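So this first bit is one chain, no partners, the form predicted on its own, shown in structure tokens.
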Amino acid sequence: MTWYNYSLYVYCVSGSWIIGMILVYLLRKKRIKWLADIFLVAGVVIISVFTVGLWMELERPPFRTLAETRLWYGIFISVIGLVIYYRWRLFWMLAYTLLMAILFLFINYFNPDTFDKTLMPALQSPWFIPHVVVYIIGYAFLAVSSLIGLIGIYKMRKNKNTDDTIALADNIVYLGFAFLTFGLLFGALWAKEAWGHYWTWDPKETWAFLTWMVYLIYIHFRVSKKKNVKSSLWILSLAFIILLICWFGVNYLPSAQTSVHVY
């Protein structure tokens, strides 16, 4: 399984999810609505099969390049969307997460990062997989929370009740923040093993810390000023920009060209 096989898989996954979403909308009040579930789950299974096959072909965990992390992001955010949909029956959340997953998969289709099979010595660490995995899961949760924040702002402008929206946002942020915290801890342990220091204020580390702090500010704001929902929602919506800079944007900063995280 290589990137040369990717086009077939991405079309099958995208088609399966799109058909599934259409069926969810059309069959939501009918007994055969389980038919939509087959297509939704099939999409996750197909992209997971490709990822496992790629792992076996590369003979290393596919977490090294941005394309490989986008692949995992597509899996995790789609799974999160399905879980939230089956728990709260929020069709808009299902549509958002699956369309976001499709977007990232097609970004890989047009811009795949291909590398050889080997990993540099610093990446040959037992902390490599857990560090990357928990971060990608955290990013997926926090992407969902940002959309919830925007929806909450829209509801406030329409003078609609936002109690359920802000409660859902809090729960999603708590989960995402927990994964970010574990990501920082695993990264520090990995750095100590690879380079002899827990923290060096590398550009990537600095932006990871800023991302963690922004979501901590949101949590603190929610605890200390529960009635100021509007400000909380704005913090949550804008926080995802910091996260995107940490994930993608920092690689394009001049100071990051000597970063150990750019490989």
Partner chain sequence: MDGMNKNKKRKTWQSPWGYLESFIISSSILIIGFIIEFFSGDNLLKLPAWPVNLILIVIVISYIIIVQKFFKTSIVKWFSSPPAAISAISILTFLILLMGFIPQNNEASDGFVKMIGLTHVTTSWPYLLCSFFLLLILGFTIVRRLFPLTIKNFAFFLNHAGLFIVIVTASLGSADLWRLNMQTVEGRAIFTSYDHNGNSYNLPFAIKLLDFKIKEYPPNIGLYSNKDNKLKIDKKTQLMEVVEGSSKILDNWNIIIEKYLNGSKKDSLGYDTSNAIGAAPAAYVKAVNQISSKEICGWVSCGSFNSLMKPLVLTSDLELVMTIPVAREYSSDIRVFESMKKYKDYTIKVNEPLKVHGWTIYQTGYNEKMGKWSNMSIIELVNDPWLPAVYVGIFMLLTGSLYLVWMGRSNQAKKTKNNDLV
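In this text, rigid core is short for the largest set of C-alphas that superpose within 1.5 Å between two forms. Numbering follows the first chain given and starts at 1. Note that the coordinates shown come from a computational prediction; the quantities given were computed from them, not determined experimentally.
Only in words, not in the display: the form predicted together with its partner chain, which the text now covers.
Asker: If you check in the model of the complex, is Leu123 within 4.5 Å of its partner chain, heavy atoms only?
Answerer: Within the cut-off, so yes.
Asker: Is Ile242 one of the residues lying within 4.5 Å of its partner chain in the model of the complex, judged by heavy atom distances?
Answerer: Flag for Ile242 set to yes.
Asker: Can you check whether Phe209 is within 4.5 Å of its partner chain in the model of the complex, heavy atom basis?
Answerer: Within the cut-off, so yes.
Asker: Trp88 versus its partner chain, in the model of the complex: is there a non-hydrogen atom within 4.5 Å?
Answerer: Result yes; Trp88 sits at the interface with its partner chain in the model of the complex.
Asker: Go through Ile129, Met156, Leu189, Ile107 and name the one with a heavy atom inside 4.5 Å of its partner chain in the model of the complex.
Answerer: Contact residue from the list: Leu189.
Asker: Check for me whether its partner chain, as it appears in the model of the complex, comes within 4.5 angstroms of all of Trp92, Ala178 and His220 - heavy atoms only.
Answerer: All of them do, each having a heavy atom within 4.5 Å of the partner.
Asker: Taking its partner chain in the model of the complex, which residues of 148-172 have any heavy atom within 4.5 Å of it?
Answerer: In sequence order, Asp164, Ala167, Leu168, Asp170, Asn171 come within 4.5 Å of the partner.
Asker: Once both forms sit on the same rigid core, is the C-alpha displacement of Val83 at or above 2 Å between the shown form and the other one?
Answerer: The answer is yes, as the C-alpha of Val83 shifts between the shown form and the other one by 2 Å or more after core alignment.
Asker: Superpose on the rigid core, then tell me if the C-alpha of Tyr174 is displaced by 2 angstroms or more between the shown form and the other one.
Answerer: No; Tyr174 is a residue whose C-alpha shifts by less than 2 Å between the shown form and the other one when the cores are overlaid.
Asker: Is it true that Ala95 shifts between the shown form and the other one by 2 Å or more at the Cα, once the core is aligned?
Answerer: Yes, the C-alpha position differs by at least 2 Å between the shown form and the other one.
Asker: Do Ile151 and Leu82 move together or apart in the model of the complex, judged by C-alpha distance changing 3 Å or more?
Answerer: The answer is farther, because the C-alphas of Ile151 and Leu82 separate from each other in the model of the complex by 3 Å or more.
Asker: Any idea whether Leu168 and Leu82 get closer or farther by CA distance in the model of the complex, knowing it moves 3 angstroms or more?
Answerer: Their C-alpha distance grows by at least 3 Å in the model of the complex.
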